[in-house]
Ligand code: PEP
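Just the one chain here, laid out as structure tokens, in the form predicted on its own.
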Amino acid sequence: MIIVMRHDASAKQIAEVVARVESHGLRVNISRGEERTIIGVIGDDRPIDRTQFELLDGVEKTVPILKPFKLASRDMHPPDSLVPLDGMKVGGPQIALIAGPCSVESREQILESAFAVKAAGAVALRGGAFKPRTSPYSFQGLGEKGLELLAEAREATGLPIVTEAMSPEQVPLVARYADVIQIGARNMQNYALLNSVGEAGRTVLLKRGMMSTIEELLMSAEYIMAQGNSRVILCERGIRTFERYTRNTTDINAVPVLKQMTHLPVILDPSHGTGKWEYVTAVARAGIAAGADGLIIEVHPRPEEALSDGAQSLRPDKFAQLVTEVRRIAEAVGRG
């Protein structure tokens, strides 16, 4: 349920409504707009008679929220949320470009990648220190050494770091180094992990599971937000279908659907969405045209030597070309 306050409601009246909600053992989420204050009621409010709130001073109306995701719903928070990422805000008029290698492999590789993507226009550096792999014999990442190299790259370039945590036990360690904690597709419904990153207080980049619905993605975001962390960025990264000419099927539909359903920023991962570097730029253009707030792109100085995901990684010159083309699309749709 949401409680819509009148435009002239006083701070005292708002406080009295909040106190009444909390007296029922429920929590509140307050969204203050230019014209109205909206009080979101969190918890199972079905047994409560809404009229008791409508009779309170300063209340204009109450509206039930029927969607299972409450905090992530645009009903609860009508304006777009802006998630800070160093000097910019994801979800605003500027497109956020996050780029870097799939895995941190060496000091030389991550520094070369970091300087290259920054020169091309990236605002954050991605790189995996812990890597979930299909095969137990594949490269699993450098662990804490990889996090230390990412921190060195941040110091050298000024780019904030986006890197993945795979388990609740890893979250405190990753949070010491990362500016943004990524939840990978395989862990989208790892609820213990979602609770942990919610408690960590870091910005979270939540990727859609390869066989997950849009509603399941939003319910996973709800787990993070229920811990008091509203700094969540959603990421469409392709889903598994019957098609075999690409690694996954990029669900461009998900971008406008999510932008309608939730106030959270939405970015696109065309690298995982296609699995082939030659398609990445075209799909990146499509994502921005569809309304995505940013892109996360895999870039490697020597993809043929990459220890993971070399086939979908762009060389730095190809990434620079992508940025040029995406900039034209952004300008055409009124963004920067």
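Remember, predicted model here, so these are calculated numbers, not experimental data. Counting begins at 1, following the sequence as shown.
Below: the form predicted in complex with the ligand, not depicted.
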Open item on the list: Just to be sure I understand the contacts: of Gly198, Gly141, Gly91, Gly184, which is the one whose heavy atoms reach within 4.5 angstroms of the ligand in the predicted complex?
Closed with: Gly184
TODO: Pick the stretch from 123-131, 217-225, 110-118, 189-197 whose residues have a heavy atom within 4.5 Å of the ligand in the predicted complex.
DONE: 123-131
Task: Contact of Glu164 with the ligand in the predicted complex (heavy atom, 4.5 Å) - done: yes
Open item on the list: Can you tell me whether Cys102 touches the ligand? I mean in the predicted complex, with a 4.5 angstroms heavy atom cut-off.
Closed with: yes
Open item on the list: Against the ligand in the predicted complex, would His300 count as a contact residue? Criterion: heavy atoms within 4.5 Å.
Closed with: no
- [ ] Taking the ligand as it sits in the predicted complex, which residues of 205-230 have a non-hydrogen atom within 4.5 Å of it? Please list them.
- [x] Lys207
